[in-house]
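Single chain ahead, written as structure tokens, the form predicted alone.
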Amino acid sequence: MVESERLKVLGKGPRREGPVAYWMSRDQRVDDNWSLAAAQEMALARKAPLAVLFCLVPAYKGASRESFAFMLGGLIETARELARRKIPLVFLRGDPAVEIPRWVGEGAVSVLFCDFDPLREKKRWQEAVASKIGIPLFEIDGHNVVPCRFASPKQEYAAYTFRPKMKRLLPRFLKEIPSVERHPFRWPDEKEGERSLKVLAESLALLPAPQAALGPPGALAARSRLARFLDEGLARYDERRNDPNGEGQSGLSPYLHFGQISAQRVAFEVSRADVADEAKEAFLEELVVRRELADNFCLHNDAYDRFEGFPDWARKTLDDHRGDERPFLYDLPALEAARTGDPLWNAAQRQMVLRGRMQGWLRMYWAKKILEWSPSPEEALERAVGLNDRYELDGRDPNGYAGIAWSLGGVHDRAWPERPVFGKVRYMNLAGARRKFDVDAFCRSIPPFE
């Protein structure tokens, strides 16, 4: 039974007979998928066929070809797993607001389910689809452990206001997820899933292989990565997570971003692990509190990637310091090519471009230096978001937008002692980084661009 707190009705329509479909977008997996479980629950009750559809938006937010390869590789695994359960995955291309209603109409679908997503574009697609299909459209939040709309009805000021709510609700939602069975009612076009799988494979063949350092894509690789982290990394997570040389992070971020593994599954397994409570609490703080705080921010603040989305105090202090002399000004090509006078920043930028990821503490440092080196806060924000969305495998995500807004605009932070350029926004510098970890060792570990 799917929890009512995860469900929101986005569109209504008269009850009619016909197939049930799930529009997969944010949660690209079969197991531990609340949306798919909800769709199958209704299809079984109606004795109706069930299909999953995925609509690829080419060049979405300028994402790298490697990001598309990672996603498509995972989708091929998902399509095969769905086929084993007699559920076709239908692969579409183009504008979801056009392609989804067209396919729903042609297939005489009676009910459509979709994933929760707080980002503007995704919400607009859902609104457009709901207005065109004339059938019920149900949104299910299977991406968050605690459903985002239920966790808080407003934008939370900071982690300290959000954390008590999450700690109170987490035990209620930290449990096993209904499984998806072999579906007994055949889809009318039995070859549709096979055709889509062929198109997926052909599309993947045109793209470069994802970076080997990231590991293979897909749910099986994600589960393997989780198992390795539980065995080898979780026990020391609280000690090593902020050291870029320590490889103390879980490595699950791209799998979570593409929904190839469920955050609820990860949290459930971590909560049961035989390690010290301090390590588990440190990890769950990042996975649940901070990650779901980012969803809260993007859901309730439509300007999550714009200067207007910063809190009043941060906008005022940045306005007050617009005229401050910048020690260095770099244009976007110089930043993209990692040609600045800061060796740590250059290494972090190279890590992101070459490996599709950047260690968590470095992401904050990286963004703050862009503010320091840009003519205005608005241009700094545009550059940071653009580079993050293009090169980070887990870019185009609420985590990224919230993290950049924290770094540049004091979101979820407080005012600090005033200084040039930054005003009262928290400042970070190279000297502080050297006190935290071996900067030179990290710089040596990242190869130069060819």
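The structure displayed is predicted, hence computed values, not measured ones. Numbering starts at 1 and follows the sequence shown.
Same protein, other form: the form predicted in complex with a small molecule, not shown, and the subject of what follows.
The three marked residues, 163, 296 and 301, fail to reach the small molecule in the model of the complex, with no heavy atom of any inside 4.5 Å.
Residue heavy atoms within 4.5 Å of the small molecule in the model of the complex occur in exactly one stretch of 27 to 35, 52 to 60, 65 to 73, 389 to 397, and that stretch is 389 to 397. With the partner omitted here, the residue from 140, 256, 234, 335 that has a non-hydrogen atom within 4.5 angstroms of the small molecule in the model of the complex is 256. Just one of 249, 346, 196, 262 comes within 4.5 Å of the small molecule in the model of the complex, counting any heavy atom, and that one is 249. Within 4.5 Å of any heavy atom of the small molecule in the model of the complex lies no heavy atom of residue 150. At a distance threshold of 4.5 angstroms between non-hydrogen atoms, residue 178 is out of contact with the small molecule in the model of the complex.
Among heavy atoms of residue 364, some come within 4.5 Å of the small molecule in the model of the complex. Mapping the unseen interface onto this chain, residue 226 falls outside it, with no heavy atom inside 4.5 Å of the small molecule in the model of the complex.
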